[in-house]
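Quick heads-up: it's one chain on its own, the form predicted alone, in structure tokens.
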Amino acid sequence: MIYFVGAGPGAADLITVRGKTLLEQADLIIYAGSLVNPELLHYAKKTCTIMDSAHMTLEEVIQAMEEAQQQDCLIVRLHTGDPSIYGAIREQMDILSRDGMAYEVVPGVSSFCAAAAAVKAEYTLPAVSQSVIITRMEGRTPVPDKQKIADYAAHHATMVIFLSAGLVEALQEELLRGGYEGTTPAAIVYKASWPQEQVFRCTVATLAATAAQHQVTKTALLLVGDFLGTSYDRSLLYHPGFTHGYRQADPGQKKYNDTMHGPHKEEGR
């Protein structure tokens, strides 16, 4: 069996239990060496063959899988974060399906989750943002029409931007062109969950200058939106004046129109 395993955002202990178990059992591990924390390879048994796909083509990866499967090996294709987000797994799965090779996908913790943890923020806040846009800046890989940064910026939803730390000047221009105010909060999260993790808070207007100041050019996520601010509406879920399937509202409580501010926000989550 071939398993596409999400390695998690970086920290070796943020891989799932299932993913760790498969690493311990694997006869062959093909990992994305440029992004996956090498500490994860310590889970492998001594007899496991380990290959770094950073130096391989798609065809070479598939060939290694096919040869190992012919020997009844357990194969782990280890991708950074969650394989479904910028993991380039579809092209691998299609070839395996065509060739009649069995595989499964094991989800992982995406770096966009680790980035939220790093800035101690919640992406979805009442009256602020109820949608999260995961995207990337157009570079050598084109972006489809109507899915460019400026198109999404017009929604003023939470944005998590991958693979764009080296294009931050053009990114800033696109965010402003799409409709974000220059004062909109932003953050650069470098290597979320890794020992080298760093967070640089800024605004849309100062994204490029902040990245240049701290020499961030890769392995960083760019977060944009008012979810990084201080004001939002209190969640109805735990409001004493709100009835739902598990609790009746307290008639003596005021209705749910509270606005929360930074220091009190934990009270209303």
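On a predicted model such as this, the values are computed, not experimentally measured, just so you know. Throughout, we count residues from 1 along the sequence that is shown.
Just so you know, the form predicted together with a small molecule exists too; it's not on screen, but the next bit is about it.
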Inset, instruction - Let me know the one among L41, V216, L35, A64 whose heavy atoms come within 4.5 Å of the small molecule in the model of the complex, would you? - result: L35
Inset, instruction - Just give me the single entry in V204, A211, L221, I29 that has a non-hydrogen atom within 4.5 angstroms of the small molecule in the model of the complex. - result: L221
Inset, instruction - Could you tell me which of 144-152, 84-92, 124-132, 69-77 sits within 4.5 Å of the small molecule in the model of the complex, going by non-hydrogen atoms? - result: 84-92
Inset, instruction - Evaluate M137 for contact with the small molecule in the model of the complex, applying a 4.5 angstroms cut-off between non-hydrogen atoms, and reply yes or no. - result: no
Legend entry - in the model of the complex, L163 touching the small molecule (heavy atom, 4.5 Å): yes
Inset, instruction - Indicate whether S110 is a 4.5 Å heavy atom neighbour of the small molecule in the model of the complex. - result: yes
Inset, instruction - Answer with yes or no whether H156 is in contact with the small molecule in the model of the complex, where contact means some heavy atom within 4.5 Å. - result: no
